[in-house]
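Take a look at this one chain, the form predicted alone, written out in structure tokens.
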């Protein structure tokens, strides 16, 4: 990384303190979801709010703001310098436009909202979470107004997670996906294979201890560096970067579903591989970290779906699964296991959804968020609207708030605008994979367990760049084409048409 401009050089030096504060804040967040006892809520909320204030102070520092202005005016910046300034300007939208008291208030409010959400989910009582959610939404609307937007308030929040992404673009993408995926799902449900499909594997108990050992094996094979991370347990699995050499993931183990923990390991491992693959010279600078949540999600979706749910991966993993679960899986074949890994069944829970129905779950959330932020529906009405849309898109209806509106943690964190990046990740992943196959014999590599070659392709084309290239530029550099849903839809139609003899 070559930095010659004096203003950019000074910005990087000043930003390193912000980076350190972000890492400490991330550590508190990890502890909040993994270890924190319930009685520590008030203290942790205060700690998080204080760290948020310190971080905000750094962004609002007069000298830092003046230096950023000077850097924006500078000419003849190289690619790294331009990207650093661009990323800082993007980050400054939040800290320079939103009043500090609002930022601190959001931090404290979301810390309390998380505990309220967790209790509400456990007790199946949306009313326990509702007042907290109202506060989070009110603050999110205030933030959107301060950040500014050209069309819809929701645009300001979307842009925080996927630079340049808008409500208008989202409606086009989800409109197309809902139509195409709905039609594919209808065909699958009418097929003879669907009618006789039954996942008998999920009626047996599978040792959580063995599930963890299998997850560890999978993570080691795909290249996750345990000396620079660890895997813990969380109700809602996640990946978090706590600084150079510390990228942690979490998993969960269902006694009747060993497939879920394998897929979670692949998914969160994909996120972690991205962070572990960024060139070390970017550490602590505005170029560190994945460039957007959509690109980040593409890396996790690739390992979870394009690799983890492939017939070739199931063939590779079959002897390992049978070594741990000899009695339970002895009668299974690679074909029957592959069907279990890819069975299409409309379900209530997003994180348990198959590839065909998953984005219908996201379409629902995109529509609800857009309506909430743009003032079209009330917080009190969310559970009922949720049930109605689930019935419309997936043909299933939640019988409780816990399996409906309370199933996701994101809104308690104030992460409005986050959900659409899951779908963007699926689209990016399919497009990247299409072009990866032009260079690599992907199926053969997976079957043989040669994941290092696959990871090397990702390191070369995506990981190493961190936040140097923004999403639209990165996908164009890697594939030569702008992002298109066509690659994803073609991938799904081909795969599931063959599986269900459509």
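Residue numbers count along the first chain shown, from 1. All of these numbers come straight from a predicted model, not from anything done at the bench.
What follows is about the form predicted together with another copy of the chain, which we do not show.
- Comment: another copy of the chain is not present in this chain, but in the predicted complex one of 483, 24, 478, 492 has a heavy atom within 4.5 Å of it, namely 24.
- Proximity to another copy of the chain in the predicted complex, taken as heavy atoms within 4.5 Å, picks out 226-234 from the listed stretches 341-349, 205-213, 313-321, 226-234.
- Taking non-hydrogen atoms only, residue 438 never approaches another copy of the chain to within 4.5 angstroms in the predicted complex.
- Residue contact check for residue 44: one or more of its heavy atoms lie within 4.5 Å of another copy of the chain in the predicted complex.
- At a distance threshold of 4.5 angstroms between non-hydrogen atoms, residue 148 is out of contact with another copy of the chain in the predicted complex.
- Mapping the unseen interface onto this chain, residue 450 falls outside it, with no heavy atom inside 4.5 Å of another copy of the chain in the predicted complex.
- Along 149-167, a non-hydrogen atom within 4.5 Å of another copy of the chain in the predicted complex is carried by no residue at all.
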